[in-house]
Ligand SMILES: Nc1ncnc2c1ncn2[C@@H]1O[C@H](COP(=O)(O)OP(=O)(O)OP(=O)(O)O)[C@@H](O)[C@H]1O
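Consider the single chain below, provided in C-alpha cells and representing the form predicted alone.
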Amino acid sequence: MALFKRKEPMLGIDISPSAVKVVELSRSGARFRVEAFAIEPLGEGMLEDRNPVDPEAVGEVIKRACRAAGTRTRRAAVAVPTSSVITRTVPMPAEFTESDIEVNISIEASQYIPYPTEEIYLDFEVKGHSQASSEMQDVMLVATRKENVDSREAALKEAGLTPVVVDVEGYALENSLGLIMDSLPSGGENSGLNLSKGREGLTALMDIGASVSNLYILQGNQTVFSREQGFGCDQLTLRVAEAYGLSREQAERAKRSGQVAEDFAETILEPFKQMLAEQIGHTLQFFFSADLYVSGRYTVNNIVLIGGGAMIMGLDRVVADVLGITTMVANPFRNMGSASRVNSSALLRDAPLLAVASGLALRSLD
C-alpha cells in the first residue's frame, strides 16, 4: 500500500496504544471545518509493539468510534509509528521519471534496508535536485515491515472502512503543525536557547503518550530529527495508585475524573510535572548533541506539546520555566470552524490528543 497515496474524502484514524481517535475534516476555500471526531479507549493488550494483536477486536473499537462521531465516511487514512519506519534520501539520475524510480527503488532499498524486500512495503517521494550534483535528484525512500501496515489495514476493514492511505505518524504531525505555525512565537524573551542572532529557529514537537513519548524537531514543517523515549502519563497513574492504595484501573479513573485526595496536586501532580519537564529536557539533549545543533546554525525557539501528557493542566508553564523555552499546547483546530453536531468544548479539551488523526484527515484536502 502506498504511503503517499491520496484519496478523498476520508477519515483520519489514529490507533494509539491507549485509544482510537477519529477525525473528519472538510474544506471550503482556505478554511477548514471539523465535521466529526471521537475517541474510544482500547483495552489493555489490544496492541503489541504498537500493532493490533487482534484486528477484529480493534476493528470493533474503530467501529464504535465512527458511530460515536456520527460519520458516514467510509474511506480512511491510518498511520504507522515513526519508529517502525526507515527513511533514507538516495541520489538518482535527474532524468529518471517516477516510473523509472519505481522500477529501480527496490534495488536501491536493498542497500539501505536491513530486511528482505519481500517483507517490507516501499514508497518514495521525489525531493528535487540534489545539492551534491546537478545531474542527480534526491529521492526519499520510505520503508516499513508489512505487518505494521497489514494489521492496521485489517482492523480498518473489520470496522467496515476502506483503507486508502497508510501514512507515517511523524508526517501526519507535520501536517497538523502546519495549521498552527502562524501562532508560534518567533523566539524572544523566553527562548532561553536562542542565544545568538542569525541562528535559524526550530520547533520541538513533544508527543507525550501513555508509556512512550516522541520528540520531533521541525525546520518549518519538516522533521529533521526524531527520537522515541520510554516515559509517559502511565507513570502518573502508577504514582496515584501507590499513594492511595488503588488498583491501576481505579487510579486511572480517579486521575481522569479529578476525584482525588486534597493533597494530590501538591504531593503528586506538581512533582510529576517537574519530572516530566526534566524528562523532556533530557530528550532534547539528544538533539542538542547532534551535528545539526552543534554546527551553530540552529536553535530551538519553541516547544509544542501534544498527546495525553499535554492535557495535564499547567504542564506547558512548568516546561517553559524548567527549560527556558517558549512552550505551548497544540490545538490544530484553533482556526477551524465545526459542524453543529460537534461538541466544541470537548473538541477544545481533546485537541492535543487529535494531532495525528487531524494530520491524517488533512491528507484528503492537500
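These numbers were taken from a predicted model, which means no experiment stands behind them. We number the residues from 1 along the sequence you see.
This protein has a second form, the form predicted in complex with the named molecule, left out of what is shown; the following refers to that one.
Enquirer: For the three residues K21, I312 and L353, verify that every one has a non-hydrogen atom within 4.5 Å of the named molecule in the predicted complex; reply yes or no.
Expert: The answer is yes; K21, I312 and L353 each reach the named molecule.
Enquirer: Closest heavy atom of S358 to the named molecule in the predicted complex, within 4.5 Å or not?
Expert: No, S358 stays farther than 4.5 Å from the named molecule in the predicted complex.
Enquirer: Test of understanding: in the predicted complex, would I120 fall inside 4.5 Å of the named molecule by heavy atoms?
Expert: Close contact is absent here: in the predicted complex, I120 is far from the named molecule, nothing within 4.5 Å, heavy atoms only.
Enquirer: May I ask you to state whether R145 is within 4.5 Å of the named molecule in the predicted complex, using heavy atom distances?
Expert: No, R145 sits far enough from the named molecule in the predicted complex that none of its heavy atoms falls within 4.5 Å.
Enquirer: Is C233 near the named molecule? Define near as a heavy atom within 4.5 Å, in the predicted complex.
Expert: The answer is yes: C233 has a heavy atom within 4.5 Å of the named molecule.
Enquirer: Just to be sure I understand the contacts: of E158, E252, D167, D138, which is the one whose heavy atoms reach within 4.5 angstroms of the named molecule in the predicted complex?
Expert: None of the others qualify; the residue that does is E252.
Enquirer: Using a 4.5 Å cut on heavy atoms, which of L177, I208, V80, I280 is close to the named molecule in the predicted complex?
Expert: Comparing distances to the named molecule in the predicted complex, the residue within 4.5 Å is I208.
Enquirer: Please identify, from 302-310, 328-336, 57-65, 25-33, the stretch that has a heavy atom within 4.5 Å of the named molecule in the predicted complex.
Expert: Careful reading of the contacts points to 302-310.
Enquirer: Which residues from 39-62 come close to the named molecule in the predicted complex, meaning a heavy atom within 4.5 Å?
Expert: Just R50.
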